[in-house]
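Below you'll find only one chain, the form predicted on its own, shown as C-alpha cells.
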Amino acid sequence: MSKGIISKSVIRRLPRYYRFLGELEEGGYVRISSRELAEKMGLTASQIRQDFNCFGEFGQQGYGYNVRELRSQIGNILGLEKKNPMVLIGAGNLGRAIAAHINFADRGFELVGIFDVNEEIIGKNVGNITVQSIDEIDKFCTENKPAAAILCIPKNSAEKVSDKLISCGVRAFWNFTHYDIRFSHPDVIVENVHLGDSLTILSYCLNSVCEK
C-alpha cells in the first residue's frame, strides 16, 4: 500500500525494478539484498530502500528480498495484473510497429482497436486487429469503453482526435505526437514520447560532458 503521493521519479524507476527483477529470476536468483541489487543496477542501497518504503515493507532484515515476491508486488503496484482496454490511432509505420512488437498484456493493457484515416490502410489487418476508420470511433468507444489511447498521428490532427477521445471517455494517452494534450485537458493522464528529443539528448551526451 502506498504512503500518500509518490514522486514521479520513484514511479519512473518502478518499471526498471520490475524488468531487472525478472532478469534476475530468469537467472536463478531466489533472494537478493538491497546492496546486491544496488550494485547490479547502478543505484545505491539507500535509494532502493527509500523507493520500496514508499509502498510498504517488502524485505526482511538479514534476509533481503525474495526476488519473485518483490517482482510480483511491484507488478501489482504498477497495475500490470489489469488489462485496461486501449486503442491505437494511426496505423502508419510507427503505429504498426508498436502494435506488432509491444506486449500489451504484460504491461497492464489490451489493444482492442486500431484506427486510421487512410482508405488504403482501413480494412487491413495489423496482427489480429482490423484497422477501422476513425469515423467509427464514437460507436467503438460506446461498445468497448477504452480507458487509454496511443496517438501515432501528425501533430496537426492530435488536438481534434484527443478531444474526441476524451469526450468518448478515454482517460490516458501514450502520446507520440508533439501536441501537448494536457494544455487543454489538465486532468487526463499523458505519457509523452518524443523520440527526436531522446536522440538529441544522445547527441549532447556524445559531444559534451554528460552523466552516464
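For every residue, the number given is its place in the sequence shown, counted from 1. Owing to the predicted nature of the structure, the values given are computational and were not obtained by experimental measurement.
What comes next is about the form predicted in complex with a small molecule, which does not appear here.
Engineer: Only one of 38-46, 172-180, 23-31, 141-149 has heavy atoms within 4.5 Å of the small molecule in the model of the complex; I'd like to know which.
Structural biologist: Result of the contact check: 172-180.
Engineer: So which of Ile121, Leu80, Ile102, Ile129 gets a non-hydrogen atom within 4.5 Å of the small molecule in the model of the complex?
Structural biologist: By the 4.5 Å heavy-atom cutoff, the listed residue in contact is Ile121.
Engineer: May I ask you to state whether Leu202 is within 4.5 Å of the small molecule in the model of the complex, using heavy atom distances?
Structural biologist: Although the small molecule is absent here, Leu202 would stay clear of it in the model of the complex, with no heavy atoms inside 4.5 Å.
Engineer: Would Gly95 show up as a contact with the small molecule in the model of the complex if we use heavy atoms at 4.5 Å?
Structural biologist: It does: once the small molecule is placed as it appears in the model of the complex, Gly95 has a heavy atom within 4.5 Å of it.
Engineer: When the contact criterion is heavy atoms within 4.5 Å, does Val117 count as touching the small molecule in the model of the complex?
Structural biologist: Yes, Val117 lies within 4.5 Å of the small molecule in the model of the complex.
Engineer: Quick one: does Ser157 come within 4.5 Å of the small molecule in the model of the complex, counting heavy atoms only?
Structural biologist: Yes - in the model of the complex, heavy atoms of Ser157 and the small molecule come within 4.5 Å of each other.
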